[in-house]
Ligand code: F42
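This document opens with one chain alone, in C-alpha cells, the form predicted alone.
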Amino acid sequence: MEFGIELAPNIKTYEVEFYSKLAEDNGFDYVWVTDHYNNRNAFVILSILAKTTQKVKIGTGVTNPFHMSPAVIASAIATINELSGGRAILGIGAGDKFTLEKIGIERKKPLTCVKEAVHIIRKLVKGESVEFNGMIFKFSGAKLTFSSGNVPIYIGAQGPKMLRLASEIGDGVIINASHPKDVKVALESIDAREGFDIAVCSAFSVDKNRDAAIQSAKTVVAFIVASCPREVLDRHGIDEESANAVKKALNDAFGKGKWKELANAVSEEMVDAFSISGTPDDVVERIEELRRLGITQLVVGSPIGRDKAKAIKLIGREIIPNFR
C-alpha cells in the first residue's frame, strides 16, 4: 500500500515546501495539494514542489472544472509534469459547493461537468486536437503547443454516481473517509479494474500520547460532523442532538473563542468515526482494516498531528514500514 499526504496551502509557501520534502524523505509516495481560490494557488505551489522534490508524485487534491477551464487545467498540469520529470498527477472533482458559491459559481450538472472535463484534459495533455460539443463545454480545434507525457487522473468522489464515474474514467479515485463503515459503502459503487488506485483521504492525527492525538483531531472532526449528512451520522450512531451541539460549539469557538467547549462537544466516538487518530499502534490497526477492504493508498490529511513535522517523521518511522 502507498501513502500520500494532503497539504492545504493556507500556510506559507515555504511551509508547504518543507512538509512536502519532509514527507518525501520519510517514505511518502504522493503529495496532494488542495485547490481553493482563497488559498495560495495550487499549481504555483506544485511548480515549486516539482523542483524541490525528486521522487514523490505531486498533484492537485483536488481541483475542479467550475472555477478553471479544462483547457487551463490541462496546460497547468502538463507544465507541472514537464517540470517534475513526469511525476504529476491530477486530482479533479466537482468542487466544494459552499466555496464556489462564494465566488458566484453555481455547480450545475457536476457529474456531466467532471466527465466532459476529464475527456478534454486527457486529449489535450496527450497533445491531441480537441473537437468537442458537450452539454457543458464546447471546444473547436483546441490544442496545446506541447506534450509532456501521460498524467494519471484521479476523481474526487463521495456519492455513488461520482464513485461509479471514477471507476469508469479515472486512473484512481480519492474518497474522503476514515472509518471502515464509510469505506465499505463507497466501495459498493466502485468497479475497480487492475491498476485502479483507491485512495482514501482521512483526517489524521498521530502522537506517542494517545490523548494528545485525539485532542488535536477534534477541530477537524467538528467540521466534518457539522457538515455530515444525516445518513452518515446514523451509520455511526451519532444522534441529532449531539451533532447540533457540535455545530453550536463550532460557531461559539470561532465567534466567541470558546475552544474548550468545542473540545468537550466532540466525543471520542466522533473522533473514531471521522478520523484516524491515536498512537502509532492505534493508527496501524485502523489502516490495516482499510487495507483489507482493498484501498491501495492512504492519504494523510489535516491535522496530521499536534506537531506536523514530528508526526510526519513518526509516520515514516513507525507506520509506513508496516505496509511495505
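Residue numbers run from 1 along the displayed sequence. Predicted, not measured: the structure shown is a model, and the values here were computed from it.
The next section is about a form of this same protein that is not shown, the form predicted in complex with the ligand.
Of the candidate stretches 80 to 88, 142 to 150, 227 to 235, 172 to 180, only 172 to 180 has residues whose heavy atoms lie within 4.5 Å of the ligand in the predicted complex. Among residues of the shown chain, A157 is one whose heavy atoms approach the ligand to within 4.5 Å in the predicted complex. Although the partner is absent here, T112 is a contact residue: one of its heavy atoms lies within 4.5 angstroms of the ligand in the predicted complex. Contact annotation: H36 falls within 4.5 Å of the ligand in the predicted complex, judged by heavy atom distances.
At a distance threshold of 4.5 angstroms between non-hydrogen atoms, A186 is out of contact with the ligand in the predicted complex.
When you look in the predicted complex, the only residue of I45, A273, V62, I287 with a non-hydrogen atom within 4.5 Å of the ligand is V62. Among L250, V220, M162, A76, the residue placing a heavy atom within 4.5 Å of the ligand in the predicted complex is M162.
Within 4.5 angstroms of the ligand in the predicted complex, the stretch 88 to 111 places a non-hydrogen atom from each of G93, A94, G95, D96, R107, K109, P110, L111, taken in sequence order.
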